[in-house]
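As structure tokens, one chain now follows by itself in the form predicted alone.
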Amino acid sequence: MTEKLNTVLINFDYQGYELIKTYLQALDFLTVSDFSDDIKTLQEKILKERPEIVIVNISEKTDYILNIVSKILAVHKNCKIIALSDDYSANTVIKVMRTGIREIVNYPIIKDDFLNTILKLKNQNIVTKEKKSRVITVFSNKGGIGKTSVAVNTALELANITKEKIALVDLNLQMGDITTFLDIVPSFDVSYTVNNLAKMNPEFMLNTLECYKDTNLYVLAEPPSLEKAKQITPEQITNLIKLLRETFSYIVIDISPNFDKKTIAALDNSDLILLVTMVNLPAIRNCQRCLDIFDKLGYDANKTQIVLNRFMENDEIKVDDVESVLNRDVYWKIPNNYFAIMSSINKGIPVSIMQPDSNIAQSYQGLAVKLSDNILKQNFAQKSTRTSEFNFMSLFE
């Protein structure tokens, strides 16, 4: 008989405890060992007995409870915590994720949603969970759209919110400037890394990438010269991404705006493409052309999501118009805040650090939350494969 998963309930009165316990009786792989209406009462016991699952109600005393949860997770790293809350606002979700909690469910509980969350934890194999990694490439085939700002700020927010290791990779091989945006001078770059793939292991990989300040964001810089950029091959890019997956939970790639074999190698190996555009006719037309090319490349529609940058509510062209022309829903809108973003770029400080309360910083936080597969369960498309006889020039016919 398989050993049952030990589960503890926190911050519930007796009636709430009995209801949840009744729901959990439908699951034969776990057992409820204890409950309390005060997290402080069970904190020491949790750290001593190490239950696999803790279910905590954060509807009241939210900050107090989350502070204690973060202390528990700092010691009991394998504990899976499910937060129940009657407040599902973006602000609360971000607070929850920053403590290390990866699941949040509405309270009062909807039984099916609650049990499905528990089943998802079981299916992930709680104790020996297989590491999953996602590659998110930020792309636009038109310069000046702001894709590097999107890549840098989104990657940093993913690191802040998920507390997992995030790689930010500059594959804009000839004109990359992520290091400028972050005001860093890394010891190594992508050309060095791809030429040393044979001896790469997770420890070597972490030492090769530049850790940004005191975060979990690791940066792989652009090549130092055009000559070194030319020497990088599509095969090396494919192998690089495969190795990065072994170390990082998320890999965010800023890539060249050109369609060439190197760019397509990165796009092929991506789980999600954020196609960045603006609300004006030339940008929308270029976005439409990108979508046509992605269709020729055989990408599933779910693989590409539209991000509107520098968005203004009073634009003459409305979001509905954009969605109608592109025949796609807009995935995210980043507000136009010229002064905040230009000051950020000129100082080499991400906007979420320099102006964390600005509308644009809040938008990047929201985008990072949406990208996290722990809160919104994305069904990103699988990598596309093509035969060796694939005709690259057919994309432009």
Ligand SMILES: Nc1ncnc2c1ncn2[C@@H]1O[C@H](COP(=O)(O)OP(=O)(O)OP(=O)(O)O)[C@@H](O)[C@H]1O
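Numbering starts at 1 and runs along the sequence shown. The structure displayed is predicted, hence computed values, not measured ones.
Beyond what is shown, the protein has a form predicted in complex with the named molecule; the following relates to that form.
At the 4.5 Å threshold, heavy atoms of Gly143 reach the named molecule in the predicted complex. Put simply, Ile345 is close to the named molecule in the predicted complex: some heavy atom of it is within 4.5 Å. At a distance threshold of 4.5 angstroms between non-hydrogen atoms, Phe181 is in contact with the named molecule in the predicted complex. The named molecule in the predicted complex is approached by Arg310, whose closest heavy atom lies within 4.5 angstroms of it.
The stretch that touches the named molecule in the predicted complex, counting heavy atoms within 4.5 Å, is 333-341, out of 45-53, 28-36, 333-341, 60-68. Contact annotation for the candidate site: Thr137, Leu275 and Pro356 all lie away from the named molecule in the predicted complex (no heavy atom within 4.5 Å).
Taking Thr304, Thr154, Asn172, Ser270 one by one, only a single residue has any non-hydrogen atom within 4.5 Å of the named molecule in the predicted complex, and it is Asn172. Residue Thr148 is the only one of Thr193, Asn286, Asn216, Thr148 with a heavy atom lying within 4.5 Å of the named molecule in the predicted complex.
Contacts of stretch 235-260 with the named molecule in the predicted complex, defined by any heavy atom lying within 4.5 Å, are made by Pro257 alone.
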